[in-house]
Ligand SMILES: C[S@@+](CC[C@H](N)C(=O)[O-])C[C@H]1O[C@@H](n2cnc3c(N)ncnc32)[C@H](O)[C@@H]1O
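Only one chain comes next, encoded as structure tokens, the form predicted on its own.
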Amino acid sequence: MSDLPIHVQKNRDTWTKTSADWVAPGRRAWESPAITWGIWDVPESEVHALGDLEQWRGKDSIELGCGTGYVSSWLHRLGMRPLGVDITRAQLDTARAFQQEFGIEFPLIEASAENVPLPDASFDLAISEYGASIWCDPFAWIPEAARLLRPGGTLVFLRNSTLSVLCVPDVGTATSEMVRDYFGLHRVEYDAESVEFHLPTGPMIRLLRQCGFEIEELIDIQPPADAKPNRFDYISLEWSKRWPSEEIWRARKKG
């Protein structure tokens, strides 16, 4: 995989080094009986990002940047046929261990979500929760998601909101003031070891449409009333109650 783009190599190396930190959170997610979203564990029953859950029974899904595979485990419980893709072998090893632990099996492929070695039009749902949605270049992974989806297929992804990215400094917690430019926002490097991608709202809409998607919904995420502070120090609960720290996009590939 030496021909991988530099940002993919850096992110793979970072996730390899930190993979042990995600075992306990991964297990909690695998244990959860309900689908939740993002760092505030907002229930799917409140945001309805996936719509009518019965529609997915018997359908094929691909999770782009699956990490420990918990999202795909939830989809399996819905009656889907999930498949997970991730560039980090250590994360996939954790996912396989959880498959054994919880008795849920689905295919896992070691590959970049920007270049998935699978045929066109193979899936009904492509999904990413803080996987490809922020760690892959949207100008690569969104066209790839479009290629992998069947006509009429659905793309759902959660990412940091554009507003939060504008307000989070390179070091420290989100402020009430914007600290970076909206125009030209794309590649963001908070440190020297990893690369994130945060395309602003307008350019994201344009890209999705260019890739043949119709945008169905953009959901601003607000923490539940009983949410508690978590281990992510770049954003506070107080900030997130005032402004959306996360957003979920849902788009459908034109038939």
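Quick note: we count residues from 1 along the sequence shown, nothing fancier. Given the structure is predicted, the values throughout are model-derived calculations rather than measurements.
This next part talks about the form predicted together with this ligand, which is not shown.
Chemist: Which of 99 to 107, 131 to 139, 166 to 174, 149 to 157 has heavy atoms within 4.5 Å of this ligand in the predicted complex?
Modeler: The contacting stretch here is 131 to 139.
Chemist: Quick check: do 65, 91 and 112 each get a heavy atom within 4.5 Å of this ligand in the predicted complex?
Modeler: Yes, because 65, 91 and 112 each have a heavy atom that approaches this ligand to within 4.5 Å in the predicted complex.
Chemist: Determine whether any heavy atom of residue 234 comes within 4.5 Å of a heavy atom of this ligand in the predicted complex, and answer yes or no.
Modeler: Answer no; every heavy atom of residue 234 is more than 4.5 Å from this ligand in the predicted complex.
Chemist: Quick one: is residue 240 in contact with this ligand in the predicted complex, heavy atoms, 4.5 Å cut-off?
Modeler: The answer is no: residue 240 has no heavy atom within 4.5 Å of this ligand.
Chemist: May I ask you to state whether residue 87 is within 4.5 Å of this ligand in the predicted complex, using heavy atom distances?
Modeler: Residue 87: yes, in contact with this ligand in the predicted complex.
Chemist: Tell me, yes or no, whether residue 70 is in contact with this ligand in the predicted complex, where a contact means a heavy atom of each within 4.5 Å.
Modeler: Contact with this ligand, yes.
Chemist: Can you name the residues of 197 to 215 that have a non-hydrogen atom within 4.5 angstroms of this ligand in the predicted complex?
Modeler: Heavy-atom contacts within 4.5 Å come from no residue here.
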